[in-house]
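What follows is a single chain, given as structure tokens, in the form predicted alone.
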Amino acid sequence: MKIAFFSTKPYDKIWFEPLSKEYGFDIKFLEAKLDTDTVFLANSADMICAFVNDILTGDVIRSLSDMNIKAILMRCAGYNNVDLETAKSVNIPVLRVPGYSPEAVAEFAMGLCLAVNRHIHRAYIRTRDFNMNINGLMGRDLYTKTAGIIGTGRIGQAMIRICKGFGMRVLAYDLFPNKELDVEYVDLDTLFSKSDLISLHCPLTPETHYIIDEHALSLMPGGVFIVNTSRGPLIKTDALIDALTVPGKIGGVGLDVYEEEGDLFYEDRSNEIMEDERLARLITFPNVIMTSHQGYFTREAMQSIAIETMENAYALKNGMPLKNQV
């Protein structure tokens, strides 16, 4: 059976090529992002494999159905970019990788917090020019401060463990609280008003879209740190920019995702004029660090993603239970 992989990079081939032979699949690696203009490239494949910025609208999925595509394999945990209702209506199962390496993302989230708090990014630039002046680089201890974790799935739980390791008090919010966790669940307004660090680890749903907006930001204490390693539209970018312009309101922001990242992230745009004015504005703030959706990007996570994706394909091929079907 053949699988058409969309939005592939050289590092995808490193992990998937050896496994394709082991599991008995022929993989067609495509650099193109999946959308209405490129869906025809899946012709002759039996399954397709997509990533976070591929666009699987109803039209795309119906086109896949017309090609007799048997499954949509998501090599990621999120699936907000997939029209699930259409997939169900045309009987194409959507399979994801729910827990590849929660520690990878949580460790990166804390790394962003540490970097922006202690101005590591600015210190790096200074010392490269042999400027050893530390004026303006003062940070704050995280010990005894309060961390607000939004989303207590596997990644959120890993972040909770890290924060507790730093000696932080932890508050949590989740639409479906886990009673087995040793954590204090509170409502959103309480979390926003009491937290020195707010870290987002929830999926993007209608309920969580713009979970951080003008109201949420107005509740946050001065000097708050905000970290988002989940999905860009959890934060209303315009509201965040407005808050960043208020002196002392935001201590720092670490963003591994962005509201309009689809055509930007994972690509080299360094020789182009940045047309996205909001992204260009965000990057000008000295207390903002932005990375290109790399929180998951560790050797362990990539290996786990590849294995789980191929296990999903193997299960469908052989009529086995689809444990990771959305």
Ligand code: NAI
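In this text, all values refer to a predicted model and were calculated from it rather than measured experimentally. Each residue number is its position in the shown sequence, starting from 1.
Absent from the display: the form predicted together with the named molecule. The rest refers to it.
Site annotation in the model of the complex: the residue of 233, 139, 153, 93 reaching within 4.5 Å of the named molecule with a heavy atom is 153. 174 is the sole member of 174, 83, 107, 213 with a non-hydrogen atom lying within 4.5 angstroms of the named molecule in the model of the complex. The three residues 77, 203 and 229 all sit with a heavy atom within 4.5 Å of the named molecule in the model of the complex. Put simply, residue 184 is far from the named molecule in the model of the complex: not one heavy atom of it is within 4.5 Å. For the chain shown alone, residue 251 is not a contact residue for the named molecule in the model of the complex, no non-hydrogen atom being within 4.5 angstroms. Looking at residue 100, you'd find a heavy atom of it within 4.5 angstroms of the named molecule in the model of the complex.
The shortest heavy atom separation between residue 237 and the named molecule in the model of the complex exceeds 4.5 Å. Checking 268 to 276, 292 to 300, 27 to 35, 54 to 62 against the named molecule in the model of the complex, the stretch whose residues place heavy atoms within 4.5 Å of it is 292 to 300.
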